[in-house]
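What follows is a single chain, given as structure tokens, in the form predicted on its own.
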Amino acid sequence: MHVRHLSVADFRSYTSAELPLEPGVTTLVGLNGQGKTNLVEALGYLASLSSHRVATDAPLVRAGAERAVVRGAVMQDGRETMVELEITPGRANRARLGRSPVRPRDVLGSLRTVLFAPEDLALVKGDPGERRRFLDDLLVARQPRWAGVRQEYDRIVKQRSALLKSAQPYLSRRARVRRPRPGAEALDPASEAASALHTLGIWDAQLAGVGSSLLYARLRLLRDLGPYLAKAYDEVSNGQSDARVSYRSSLREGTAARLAAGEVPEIPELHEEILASLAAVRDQEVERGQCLVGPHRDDVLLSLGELPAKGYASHGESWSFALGLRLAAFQLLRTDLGDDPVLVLDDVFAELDVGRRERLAAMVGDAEQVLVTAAVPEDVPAALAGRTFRVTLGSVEEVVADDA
């Protein structure tokens, strides 16, 4: 798989830009703030419907414009597919595959990318949400149907959390010990509590149903990813340590220990365990007005040897771990799908020492298509020589040999 051409209109700093591409390595060179990352961000958005830099779409639209358009001509197995997304903040985005209008979610899988950027240091040093997103994004890249499952699970958590907050006056410990006044009408605390408990039970069942499927998929993915991570980290760091991943679950202690040890129970068992764990923390959930159990509360523990990477890894080790995660994702997708995703290395080499640069270049040199951004050409190892484009604010021009 590779992208033959990328077009953007009113995206970030660009009124418009055209970037012809081909298999092999393409390097975008330019000083900071000139728009290199904006182009690879557009490519990543085509693949995932999200940005690796911001959580909402509004910053993606050029100031003063109503919408942005991103198009990519994707080549796979000798066939070309045009993928187009129209981004309109505050309204539903639009999408096309070829000439046919489709739901944005339907373009997932048409282009697959693995993007490594400076922001990925948060995979090691950041909050659990960063690591959950990494797993779930990889799930979608592997099988696009998980995008719908994630969306449904998020909706359930949001609705259940709203119910917990609204029902606090009736379900809290203090409310449960009150007795209704003699002759009180139907809307007394006892009846309100019964109604809230009934509704909460319905949401419990939905959370367990969707959550068990998502949890099962994550556990299997992590099991598959582990060997690739160990190998990638070993190569990037030149065998300096042993990188491991394990799942940290919000379920009851006994089950959480099994999952951390690498077990992958079947979905029905996970479903029952989520229900039991929800029942065990019911009082705490009511008091806090939050969902305390489920995949949205879980984490991925990254370890170097016997120590957690977060808080113990050096800056170089943290970079190597984050890079190892992305390279492991690339190798997993390559093996699963029988086709290379497009690999994007956004301003990576400036953060690596010479040894890590050379080892990384050797690892990715056989990828079908690699896009590299760098402030100066000297940051890019000679092993990744290829087409080079100079990016200045609002323009993209190819560098011919005599100009290099």
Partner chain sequence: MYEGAVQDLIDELGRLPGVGPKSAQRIAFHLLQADPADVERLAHALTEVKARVRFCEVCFNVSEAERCRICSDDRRDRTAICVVEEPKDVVAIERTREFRGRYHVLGGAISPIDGIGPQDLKVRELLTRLADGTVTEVIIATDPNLEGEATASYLSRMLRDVGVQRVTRLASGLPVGGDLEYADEVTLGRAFEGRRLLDA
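Treat the numbers as computed from the prediction; the structure is a model and nothing was measured. Residue numbers count along the first chain shown, from 1.
We do not show the form predicted together with the partner chain, though everything after this point is about it.
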Handout entry: Full three-residue contact with the partner chain in the predicted complex, heavy atom 4.5 Å, for R103, R145 and Q159
Key = yes
Problem - 4.5 Å heavy atom contact, S241 to the partner chain in the predicted complex - result: no
Exercise for the section: Although the partner chain is absent from this view, report whether T199 comes within 4.5 Å of it in the predicted complex, heavy atoms only. Expected result: yes
Exercise for the section: Check whether Q206 has any heavy atom within 4.5 Å of a heavy atom of the partner chain in the predicted complex, and answer yes or no. Expected result: yes
Exercise for the section: Evaluate L163 for contact with the partner chain in the predicted complex, applying a 4.5 angstroms cut-off between non-hydrogen atoms, and reply yes or no. Expected result: yes
Handout entry: Interface stretch in the predicted complex with the partner chain - options 148 to 156, 258 to 266, 233 to 241, 119 to 127, non-hydrogen atom within 4.5 Å
Key = 148 to 156
